[in-house]
Structures are given as structure tokens and as C-alpha cells.
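Take a look at this single chain, the form predicted on its own, given in C-alpha cells.
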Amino acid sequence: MAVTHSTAARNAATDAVTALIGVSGNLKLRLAGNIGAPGTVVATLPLSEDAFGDASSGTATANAITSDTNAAGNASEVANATLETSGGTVVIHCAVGASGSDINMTGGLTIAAGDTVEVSSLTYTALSA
């Protein structure tokens, strides 16, 4: 039998993780890496002071995310992303792809130096039902 969680437990877990990001965190798009060595940053998008709203049905939606209007860029494709505190502590590490990934990028996975990078929406779910 699979482990399941009540909606209240899913909301609490999601809110606890997103609270770790704190105020003024960042979404960083990166080249290949892992949570211990997350890879080269090619774009940094600042999160709003209150990064995520309260979870509903186990999912929290990010509030405003500021575009990176002068990305560092790289010739290699973006492979992962991190959500970090303002001090650079990685809280969440996830995959990036063109579709079917944790974060999906439209317009290609390569970010050139000086590009503008925008995020239209971002949600986080800590646990499945």
C-alpha cells in the first residue's frame, strides 16, 4: 500500500519547505549539476519578498518573480534549477527541460549572455496525495 497524506499534512509540508527560502530568495537556472554541486548559474531571477503563498491541496504558488534582464548565459543548455535563500543556501534542486520536466522552458534551453529570462508561473508540491 502506498503512503498517503491528508491535505492538512501536505499543506504543512509544502509551507515548511517554501518557508525555508525566506524573504528575497532566488530562482537560479543552471547547467548540469546536483544538489551538492548544482552547476554554473546562467540566470538569476529574484523572488518577491513573500516568495510563495500558502499551500492549497498540497501546492504553493510563487508570488511575483522578477525577470533577469541581463542573463550570464552559456552555450550549453540549462539542465536544472535551484530555489535558494538570499544567502545562497539551496533549498530545492530540480530538473529543467523543454517539456515534461520539473520546470519547463519554452523557446529553447540555451540562454545567451544578455538574454532576458522570464518565468510565467511556478508552483511547488512537497508531497503527492
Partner chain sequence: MAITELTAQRNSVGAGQSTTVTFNYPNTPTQGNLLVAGFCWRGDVTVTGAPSGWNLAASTGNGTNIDGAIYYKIAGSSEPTAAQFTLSGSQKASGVASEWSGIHATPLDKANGSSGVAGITLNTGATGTLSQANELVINLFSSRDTVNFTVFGQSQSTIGTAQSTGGTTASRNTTVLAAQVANAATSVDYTAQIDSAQTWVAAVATFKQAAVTHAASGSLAGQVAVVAGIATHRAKHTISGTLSGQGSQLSGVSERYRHHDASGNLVASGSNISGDVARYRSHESNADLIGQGSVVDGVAVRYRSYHADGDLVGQGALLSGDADRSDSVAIHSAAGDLFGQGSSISGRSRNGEIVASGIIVATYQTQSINATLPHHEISATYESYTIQATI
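Numbering follows the first chain given and starts at 1. This one's a predicted model, so the numbers in the text were calculated from it and none came from an experiment.
The next section is about a form of this same protein that is not shown, the form predicted in complex with the partner chain.
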So, in the predicted bound form, is L83 in contact with the partner chain at a 4.5 angstroms heavy atom limit? yes
I92 versus the partner chain, in the predicted bound form: is there a non-hydrogen atom within 4.5 Å? yes
Even though the partner isn't displayed, in the predicted bound form is D15 close enough to the partner chain, meaning a heavy atom within 4.5 Å? no
I35: touches the partner chain in the predicted bound form, heavy atom cutoff 4.5 angstroms: no
Heavy atom within 4.5 Å of the partner chain in the predicted bound form - qualifying residues of 101-121: D102, I103, N104, M105, T106, G107, G108, T110, I111, A112, A113, G114, D115, T116, V117, E118, V119, S120, S121
